[in-house]
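What follows is one chain in structure tokens, specifically the form predicted alone.
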């Protein structure tokens, strides 16, 4: 017993997934094996610890399905065979040199996503810069339309600290299901409710979050801007606005007031499907209850009108003066802990208009497959993928697969055999969060954290920075350049690299971060409390010339019918359902679903249909159905949902094609109106019973 206690160690670390919470964790390690994961008490935003996904890391790190060695596809039998790292680096050096000499370095596409965060991710671009450049992607699949909309109006993206939500008297979850997508946020929300706050949920679905609400409104998908502008009209006409705040801090209100006159309650009911009395109820609540916090989700800005929708909803926060005060907050995203970034998102996601000659070409993430196929001079010959699963997660899976299969060579860094890894010629084993130290921020909580190494990588897994280091050496880059841009392998060089990153911030040290999370320097606990705004006018810009100049949209918030929802009448008849593809609490998009503990609760994909629609179509519970449009089809069992808005279908995103999923066979390669986001939530489909399930995957 004494020996056991001596060998047990407890480490502070943090989850680096693309998730709001960025939970701080206490990890127990016994003789090199992770035995348990617990909450870290120093993080006020995540006091109750990780969700089921976080707890599943115990399984994930030592899963028997994990890739532990480099794997090369054998062209004879099309199977993957284990190869040595020496052979791997020789092959990579040979391929990279060949494509660069024959076609130019931009014949190679480097695709990175947000599967895991950390400063060491920057090493990849350092390598490709040394290589002489490559083709990159611009834009993002997740949230840039909303980021850009917020930046245009408020000047930057930040919000009050999460625990300030307890001070709100009115909380509106607009298109967000925090019970599943941001479980930690429900702690202060429920505390606010216990203190008497009102919760309103606006969502086509009745979710777990909606079950806690005082009022649920279910607008037709893609019509949220019309609802917001109609509410703004009522607030203005009934004089429920903050005149002093508007006069001192808002640009363009008089034009905005004129522009919303057309959004009468009757018109808004016609557009959104929400009865007039409930439109007035929403307006009454917003006008009478202060302070108010609106918490928008990311789903409703993944439409072709997404940016303008966010600006429209944000205008309600502005005209009621609910900015810069306790409990009064636009709670979309906060970059306050991203202290290491020279340029914050969304600006860092945009294509560089002053090409430096090294990274002179970028293609759209939202239109990845089409752009890959149409790229020439030089055409793409090779792809390198890390931190992402584009075959499953990017819009227009058919063309993404076609583009990948057209290439001469595909490299994927992965932990598991995902749909994208199955398309590779060479798979390199990726580290988990426990196998290399790194620094991370959060787009929801205000902490800087150390994702601390707690175990050594199993098998022959090498952290990505180590892969780049050895490959750079193999390619013959100058030693001094390699050492300057890529940390050498080993714990000490990595820690020294991180220490140098911390030097501009005297209050942050690696030793302190090893104990737990630290609040970001210069944190504004109440965002915009000084009522200064980093916009051209120095005010909140409801009227934005930048919006017009950069994105060719109305300088005022406006409602534009979504492209696909606004398709010709005959197409609406052919594809009468709007497909919703939300996230589920048991996955972060295409991550975690392959683990046994997750499969125990969420084992198979399915499609949800409203009761009234199922009765009209004569579709029975658990029946196999075909969901299709002109782009593709998938076949799934059906679940009847008695609370879903009629005319909508729901398939949770992230299911692998090999698991029977693949919602992006149905999605279009379409960008949002601003921010270069992916408008892949905007899809019309139809549904019909089938007798037998088909195999969608083409190996």
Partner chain sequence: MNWRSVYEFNNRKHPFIPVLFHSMACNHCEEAPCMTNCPSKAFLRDEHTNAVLVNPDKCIGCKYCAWACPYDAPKYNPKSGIIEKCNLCIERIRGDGIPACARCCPTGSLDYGLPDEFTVRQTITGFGDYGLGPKVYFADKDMDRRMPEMVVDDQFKYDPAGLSDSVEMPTSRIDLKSEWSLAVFTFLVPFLTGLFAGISLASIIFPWELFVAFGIMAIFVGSLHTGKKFRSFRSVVNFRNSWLSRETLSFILFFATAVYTLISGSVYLWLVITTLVFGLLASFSIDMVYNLKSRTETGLFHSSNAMLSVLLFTGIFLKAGYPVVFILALKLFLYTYRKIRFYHEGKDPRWLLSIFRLVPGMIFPALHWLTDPSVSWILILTSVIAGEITDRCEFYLELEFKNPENELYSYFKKIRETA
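All figures in this text were calculated on a predicted structure; none of them were measured in a lab. Positions refer to the first chain, counted from 1.
Unshown form predicted together with its partner chain; subsequent notes refer to it.
With the partner omitted here, the stretch from 605-613, 222-230, 409-417, 315-323 that lies within 4.5 Å of its partner chain by heavy atoms in the predicted complex is 605-613. Using a 4.5 angstroms threshold between heavy atoms, residue 641 counts as touching its partner chain in the predicted complex. Although the partner is absent here, residue 488 sits far enough away that none of its heavy atoms falls within 4.5 Å of its partner chain in the predicted complex. When contacts are judged by a 4.5 Å heavy atom cut-off, residue 37 counts as touching its partner chain in the predicted complex.
Using a 4.5 angstroms threshold between heavy atoms, residue 65 stays clear of its partner chain in the predicted complex.
Contact with its partner chain in the predicted complex, judged by any heavy atom within 4.5 Å, is made by just one of 29, 55, 44, 635: 55. For the options 669, 654, 50, 660, the one in contact with its partner chain in the predicted complex, meaning a heavy atom within 4.5 Å, is 50. Residues of 263-290 lying near its partner chain in the predicted complex, listed in sequence order, are 275, 278, 281, the criterion being any heavy atom within 4.5 Å.
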